[in-house]
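Below you'll find only one chain, the form predicted on its own, shown as structure tokens.
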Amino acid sequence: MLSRMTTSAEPVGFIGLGRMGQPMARNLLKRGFSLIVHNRSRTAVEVLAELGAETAEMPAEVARRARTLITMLPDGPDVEQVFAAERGVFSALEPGTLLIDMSTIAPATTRVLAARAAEAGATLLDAPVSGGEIGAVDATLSIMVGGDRHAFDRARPLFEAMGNPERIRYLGPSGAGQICKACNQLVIGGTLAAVGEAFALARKAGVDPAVVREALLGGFAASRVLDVHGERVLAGRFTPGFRTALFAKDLRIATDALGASGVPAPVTALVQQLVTTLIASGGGDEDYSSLGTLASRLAGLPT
């Protein structure tokens, strides 16, 4: 069913040109892929059109014109709308089409959509990403892929145009990519909360947290979170990036998956409450690394 490989000569559909999707689509154009783009906001479409992309008025039109189609949307209901609405992708889906959803959504939703695609003779990969807007712009995203292995091989040139080839991973059957993304967010959230507490302790005790960070980076506590987000916390630089409100959505997906699998997660439950507190205090539109300031606020320290 997936005998044809994607090449730069074949048009690739791309739906969802937001903060992440637009730079991802730009990188595909830079690598020589022909794009047909659609987005709710016409402005975003016009930006890509100026760079050489063709445009479509609705998702069904993209599905009619492209045998490979990428979606990058905020949440599960958005993905379901694009695929299953009256003029959605499924209404015009051709057999042999490869669908690649790079949104972060519930694994159960992914599996339902993949089954619906299979009924039409198409294949859907779930391929959520990590790396934020910087990773999208620099084409250094980590990409976590679930679904058919042959479809993954077909899609790999596209993934390599948007992500770091060393961080593109095939995880297993449909939904496995979304499970991996949930695991990613659990680790980031717990680590970021602990980094914030460490910085608060250092400050309360009169020790420079920047020096503490440097010391920790040289030992077993070193992590990308401590390195990248720790620097942001110390600098007070929280321009998103990845908004706290979207991180809260990802944690909701992760906790639903934990519950469905019968996995207790008391640490994640606490992190989820901390993120809710951050949003309630007005931080929903800040980069989610601002979670690292919450311990200092609770300790009565200026932030």
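Numbering starts at 1 and follows the sequence shown. Not measured: the values here are computed from a predicted model.
Same protein, other form: the form predicted together with a further copy of the same chain, not shown, and the subject of what follows.
Contact with a further copy of the same chain in the predicted bound form, defined as a heavy atom within 4.5 Å, is made by all three of T191, A198 and V228. For a further copy of the same chain in the predicted bound form, the listed stretch (149 to 157, 207 to 215, 87 to 95, 71 to 79) containing residues with heavy atoms inside 4.5 Å is 207 to 215. At a distance threshold of 4.5 angstroms between non-hydrogen atoms, P264 is in contact with a further copy of the same chain in the predicted bound form.
Shown alone here, R116 lies farther than 4.5 Å from a further copy of the same chain in the predicted bound form, counting heavy atoms only. When a further copy of the same chain is considered in the predicted bound form, A248 lies well away from it, no heavy atom lying within 4.5 Å. Although the partner is absent here, L270 is a contact residue: one of its heavy atoms lies within 4.5 angstroms of a further copy of the same chain in the predicted bound form. A single residue from the set L48, A257, L28, A56 has any heavy atom within 4.5 angstroms of a further copy of the same chain in the predicted bound form; that residue is A257. In sequence order, R167, R169, Y170, L171 are the residues of 147 to 171 having a heavy atom within 4.5 Å of a further copy of the same chain in the predicted bound form; the partner itself is omitted from this view.
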